[in-house]
Ligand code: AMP
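Shown next as structure tokens: one chain only, the form predicted on its own.
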Amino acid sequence: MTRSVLDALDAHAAARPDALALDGVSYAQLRDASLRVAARLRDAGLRPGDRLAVYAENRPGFVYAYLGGLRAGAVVVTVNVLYRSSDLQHILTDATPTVVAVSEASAQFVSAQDGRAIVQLADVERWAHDDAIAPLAGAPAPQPDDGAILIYTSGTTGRSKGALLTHGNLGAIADALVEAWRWTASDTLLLSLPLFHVHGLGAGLNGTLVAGARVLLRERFEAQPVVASLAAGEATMFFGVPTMYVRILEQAAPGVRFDRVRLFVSGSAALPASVHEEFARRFGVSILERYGSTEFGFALSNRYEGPRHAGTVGFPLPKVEVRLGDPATAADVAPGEAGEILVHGPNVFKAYWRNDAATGAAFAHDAQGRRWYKSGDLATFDPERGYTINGRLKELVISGGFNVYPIEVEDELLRIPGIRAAAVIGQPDPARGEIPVAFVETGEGFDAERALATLRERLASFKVPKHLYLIDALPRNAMGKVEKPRLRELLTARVPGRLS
């Protein structure tokens, strides 16, 4: 088992010093860069146990700051680069970083106060390759239980919480993915997912470093350049979120192939079955879906070999245990029934930062005293197909006593011509408690009455949305996940116009 990501980096730097880790940067150079940056961060006041916030877009300086912070014994706080005043200040106040690393674009939103120092990523990138800087020496190697990163949840219910993951967590997460996805040193990953998120950092960067592979880092996702890179055979792996795969389908010309790419992975939101099927038909590749969370990285994955069923997220990753529990008692549900996903393993986070109450509420304990993280996600299990996510527990629509899983209805909506994106939520109703309604992004060929008629043919009557609301663009977070609380606010404000 990998002790830490730093241990893996050092091992590859010693065994294969000239092998490329980043664009034009070898493993030996990356190791040395991390030690130089760690020395300069110490000069800026960063001490073991302190927090280093990295508030920037994807670029080499982000990687150097992250690894340098870990070398210096700090806990690295990754901040969503889209955050501004309220969200940003909440994180800086809660995490109390000693040093904040910023880019030219983000610097204007952060000020030096409460004793915190500000460093520019341009300086970090200069330090990384300055041979005159003496590398940090004498720093103790991190222990598995030492805090490594602090990632704040999306905050869909109140203020976001900081999930503290240890060096052992990060090593276990990367180990599981390397084993499950047959990741080797000969692989090249095209990575345009943001590094401030566990998908981009925990899977993309850390997985690459543990495997001894290479990452092609991109500042952001742009469909046309990504299609061109994949078609040119520049990468063997690509990780994305569903909206990225939709854009790839839109931008790829007829006849385009991705023959060198052996693995496409989708996560962070449900991949519509229609997208899964169209991608396989167009490119001859079945997207591998996985299931994860800020609090545990990743827990479930389609099998690398064998069929990948649209809408399923497969089976537990190596050394990870998953079971379905009753949301109220955490007792195992009967076979075939829906239950809350509970996760146990070396990947599960240590605690919420300075929030004992939230940490306690997040876990259930079994008869052996083991902690199981309560994900808040509902799923069913089939021995042949694996787990199928039914949606968030808080998003379940209970209409007249019947359970409506939004993801099932959304999948059917996306199969209807003229609907580009859809989100289903519950709308309060005096007679039935709630009724399902849908917000839809539409295009050419959309007909509301025909859409509802099609749904009535495919779904039980209580699952059919009682109203369709036209919206220019569904509100999404940085990972492309629809922010349903904002849709509920629109209902309360009576902003959307009813189509039917």
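Start at 1 with the first residue shown and count on from there. Computed from a predicted model, the values in this text were never measured in an experiment.
The next section is about a form of this same protein that is not shown, the form predicted together with adenosine monophosphate.
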Can all three of Ala269, Thr294 and Lys481 be found with a heavy atom no more than 4.5 Å from adenosine monophosphate in the model of the complex?
-> yes
Quick one: find which of 286 to 294, 231 to 239, 322 to 330, 117 to 125 has residues within 4.5 Å of adenosine monophosphate in the model of the complex by heavy atom distance.
-> 286 to 294
Among Leu193, Ala203, Val313, Ala176, which has any heavy atom within 4.5 Å of adenosine monophosphate in the model of the complex?
-> Val313
Among the candidates Arg308, His276, His197, Lys161, the residue which, in the model of the complex, approaches adenosine monophosphate to within 4.5 Å (heavy atoms) = His197
Might Ile419 be said to contact adenosine monophosphate in the model of the complex, defining contact as any heavy atom within 4.5 Å?
-> no
State yes or no: in the model of the complex, is some non-hydrogen atom of Val76 no more than 4.5 angstroms from a non-hydrogen atom of adenosine monophosphate?
-> no
Using the partner position in the model of the complex, report whether Asp377 sits within 4.5 Å of adenosine monophosphate, counting heavy atoms only.
-> yes
Is Arg392 a contact residue for adenosine monophosphate in the model of the complex, using a 4.5 Å heavy atom cut-off?
-> yes
